[in-house]
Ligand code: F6P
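First comes one chain, alone, set out as structure tokens in the form predicted on its own.
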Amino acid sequence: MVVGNFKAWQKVLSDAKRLESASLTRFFVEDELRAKKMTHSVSDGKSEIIVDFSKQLIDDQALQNLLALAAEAGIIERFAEMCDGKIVNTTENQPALHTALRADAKTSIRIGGENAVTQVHDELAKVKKFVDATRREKRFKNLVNIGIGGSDLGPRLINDVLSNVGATDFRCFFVANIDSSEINAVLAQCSPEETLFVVCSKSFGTAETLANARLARKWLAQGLNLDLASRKLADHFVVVTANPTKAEESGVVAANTFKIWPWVGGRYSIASAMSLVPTIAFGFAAFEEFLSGMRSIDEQMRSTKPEQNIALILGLIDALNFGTARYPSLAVVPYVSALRLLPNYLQQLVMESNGKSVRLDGTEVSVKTSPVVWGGVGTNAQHAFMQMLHQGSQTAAVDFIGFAHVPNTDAAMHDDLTANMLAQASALAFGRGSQEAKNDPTANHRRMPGNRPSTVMIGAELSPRSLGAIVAIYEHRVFVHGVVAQINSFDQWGVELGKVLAGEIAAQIGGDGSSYSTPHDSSTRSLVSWYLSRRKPEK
């Protein structure tokens, strides 16, 4: 079935057109219960998050048509099929079982004759044993995560949050870029004897990760006065991969290796051993709490009534906002510094998943599939890009994220922070008219048009559990929009092409650049030649 066959989608398109002249101010005046009706909570008994989408430019009719679209597209049924191991990544003939990474141990999902959940929990037991031993032995003080994309952004995000809610005796560093200045700056702060490298790569074919791992190995050998072939170096390395053989072949020999599975995409791997560095630093119990938060949203996505299913509703609003081209982008603005990396994390999650132009059947898409995701932490954002959101000629949708309580913060300052978040959401929605005299030539410059859409998400407390819930909500939003657009949200062939071309050009630069096995365009050939004429190779 393709999008054109969804009768409800035509109604959604009509709603988008009809709502062009809608007024948030009028919506609230005409319906005093609007905020109550459009605020839902998710709770697992230990954490709670409320989501207020009443400031979205949507009315009851549009919401009902979106829910009808969800029913017609079978979104909840499709989600259950994904969670149960059906092959949904059709171009790679794989399931997409990131939900299995946090599933209850009693769950059974058969993949290739084996229970995937049993494999996950067996691996978690190994991770716990290693984490507990590393924390107990206190041999290492510096933990360096080497990875990129999902092997970097997820662990960084968890580490930032856990650093805000707990204490650790470890220093955590993250290296992603192939720019060697990044890893050199990290190594300058470490001593070889006290440093453990965690090299994360699902395929172990990622050029950036391999290059940084080789440099780390060379630095370690020199610092410990060992030969590069010494097996003693392995004690300072841990590998997380779906391809351990290739890891060893690449020269990254580790005393400990942990699994990731082919049926988990890198951008969905935050719930796996890819997050080993913050798990070591803050303990396995904190990571378990994170997994519990994700699992609670997984369960609610499957079991909650559609009209109260917040992940489903937010995904449907995404389909309305971005699928119909109402807005080109989504600004994510967390009002807590511990979540400053959330916009970066969501850039990959959303745009790598749904940045597609063909449907499952290979035909061109008939809807927009992904917003441009960007953002920054509040209140910094108010002194950077919020001006454009209020008065710019291009409207963006906004997600505001905050918490009633954030550990280790000044209560009065946190109250001010939250007040700023709520004020920005209100100002975007309702604006400000020109109250000055009509003959004041600057009056229009001070006018705020309002009618700019936002969603406000507030958790009771910043914790590993609430972080897990928020990440899972966004994962499922991506899934919902992908089903509506009838695309494969789990492959990333555009990324693969860049890797191939980079390898070819790097080989040419490594030579003399005079021969081209691939007929690159004239611009690329010219740029390679210019670069070669001016570079200064390492002596």
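The first residue of the shown sequence is 1; numbering continues from there. Please read all numbers here as calculations on a predicted model, not as lab measurements.
Beyond what is shown, the protein has a form predicted together with this ligand; the following relates to that form.
Are any of the heavy atoms in S272 no more than 4.5 Å from a heavy atom of this ligand in the predicted complex?
No, no contact at 4.5 Å.
Indicate whether this ligand has at least one heavy atom within 4.5 Å of a heavy atom of T395 in the predicted complex.
No.
Can E352 be called a contact residue for this ligand in the predicted complex at 4.5 Å between heavy atoms?
Yes, E352 sits close enough to this ligand in the predicted complex that at least one of its heavy atoms falls within 4.5 Å.
Answer for K499 alone: is it within 4.5 Å of this ligand in the predicted complex, judged on heavy atom distances?
Yes - in the predicted complex, heavy atoms of K499 and this ligand come within 4.5 Å of each other.
Just to be sure I understand the contacts: of P343, G450, G149, G85, which is the one whose heavy atoms reach within 4.5 angstroms of this ligand in the predicted complex?
Residue within 4.5 Å of the partner: G149.
Of the options Q348, N164, Q382, N142, which one has a non-hydrogen atom that comes within 4.5 Å of this ligand in the predicted complex?
If I apply the 4.5 Å criterion carefully, the residue I get is Q348.
Among 475 to 483, 58 to 66, 488 to 496, 38 to 46, which stretch sits within 4.5 Å of this ligand in the predicted complex, heavy atoms only?
That would be stretch 488 to 496.
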